[in-house]
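Take a look at the structure tokens below, where one protein chain is shown in two forms, each on its own, as structure 1 and structure 2.
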Structure 1
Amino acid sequence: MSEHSTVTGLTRDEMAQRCALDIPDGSYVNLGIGIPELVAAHVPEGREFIYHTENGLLGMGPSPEPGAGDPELINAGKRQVTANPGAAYFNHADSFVMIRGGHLDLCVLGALQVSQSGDLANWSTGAPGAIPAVGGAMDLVAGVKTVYLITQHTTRNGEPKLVESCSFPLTGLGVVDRIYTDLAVIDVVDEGFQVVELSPGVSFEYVQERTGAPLIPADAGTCG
């Protein structure tokens, strides 16, 4: 048994909880499909986040208990959600005006690949026959002030998602600020990927072995 055989890192829910800790109080936030949706269930005590979904809801709450939801109240990923007191509904066009007009503070998205310069690929692998799923991602990374990613550190086949240069079709150039994976929290700085925090039981070397670009230790000075 290798020394790393018991290392698992954070669960999907723990990744979402860790991300929520970094969202400032009072932020207007858009959550992407997949793991980012779980962030809605983790609002730190004493803070309020106003969640936006591009299909027309501001003030989105977490997913309802099984069987207790309204089938007509869904997010952009067609998952049932709740509406917090004071929530507002609007049409799709108005929703994208909010995004493109710079009125959202932060978005949390998933990723297929992210480069060391902050380029994001999260809508298609570019493979023949692949179903494109761009949704509002291109608008979000262009219009939102801060972009966080939540993703597994590697693919199911063990390929790095954090790479020197993306090989998949891009969603945006130089748009990513911070990445939350099962293994670490990583900032994109001028020099590349800088480790902010390692998950419990995970070493820097373990993360570097699973990253397709050089990592900068947390205590290394940067110019970014």
Structure 2
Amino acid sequence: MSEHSTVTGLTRDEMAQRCALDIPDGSYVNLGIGIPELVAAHVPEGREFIYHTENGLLGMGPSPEPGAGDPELINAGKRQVTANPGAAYFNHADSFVMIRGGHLDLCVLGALQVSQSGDLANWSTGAPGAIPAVGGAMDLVAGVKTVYLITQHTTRNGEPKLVESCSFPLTGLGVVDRIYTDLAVIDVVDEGFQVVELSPGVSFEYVQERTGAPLIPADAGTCG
């Protein structure tokens, strides 16, 4: 499969880059595991974000040079990271004080499903025999001021991930503010999913066909 042939919409990196454009300078940000981690590589010129990782570090930096890491300096995905100048370590209760107490400005998470009322499912498909694991996702969506998602618009099988109501176990109710997919940027407003922007070469109808709930066009003007 060629990288350049029939691909429609943004790559993982481009989705992360598009998301980073919307993060204000000086924001305290928690990035989830997966595509959200790529946001850190696309900080727009002239802006500084402070990254929080829930295992006890504010001011998280990039991966260390090979051989220079410390197995006890890791991120929430348990990969080795570095601490930027001005970083701080703290215990887990303080870390979730930052999260649950509303001190973080923004988190960027992955999604299995998101509903038109902003419900998020991102920790379990509820499949029989699966080992359930939740981590800090429920605390993040309950406490962080703004919740962005970065996700492919559909599953590998082409099933919509943006739906009327989630069939997977929920992470939180009515918590999602904005969704960055390979096909579009979509806000969750009072009336449902509102398209903010379509990816280059992607039509509204193309996105609607791959969405499990009605989309409101970008120019429809809602009060959400």
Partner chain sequence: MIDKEVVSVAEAVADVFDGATVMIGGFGEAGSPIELIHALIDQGATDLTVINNNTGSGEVGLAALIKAGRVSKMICSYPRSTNSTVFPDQYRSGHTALELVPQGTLAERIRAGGAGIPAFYTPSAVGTPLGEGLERRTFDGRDYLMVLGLTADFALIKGRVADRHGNVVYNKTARNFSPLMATAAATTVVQAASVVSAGELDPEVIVTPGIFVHRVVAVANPAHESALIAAGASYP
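Just so we're on the same page, rigid core means the largest C-alpha set that superposes within 1.5 Å between forms. Note that this is a predicted model, so its numbers are computed, not measured. Numbers follow structure 1, counted from its first residue as 1.
Two forms of the same chain are shown on their own. Structure 2 is the form predicted in complex with the partner chain. Superposed on the core, the two forms barely differ at residue 152: its CA moves less than 2 Å between the two structures. After superposing the rigid core, the Cα of residue 125 is displaced by less than 2 Å between the two structures. Comparing the forms between the two structures on their rigid core, the Cα displacement of residue 106 stays under 2 Å. Taking the core as reference, the Cα of residue 79 moves 2.3 angstrom between the two structures.
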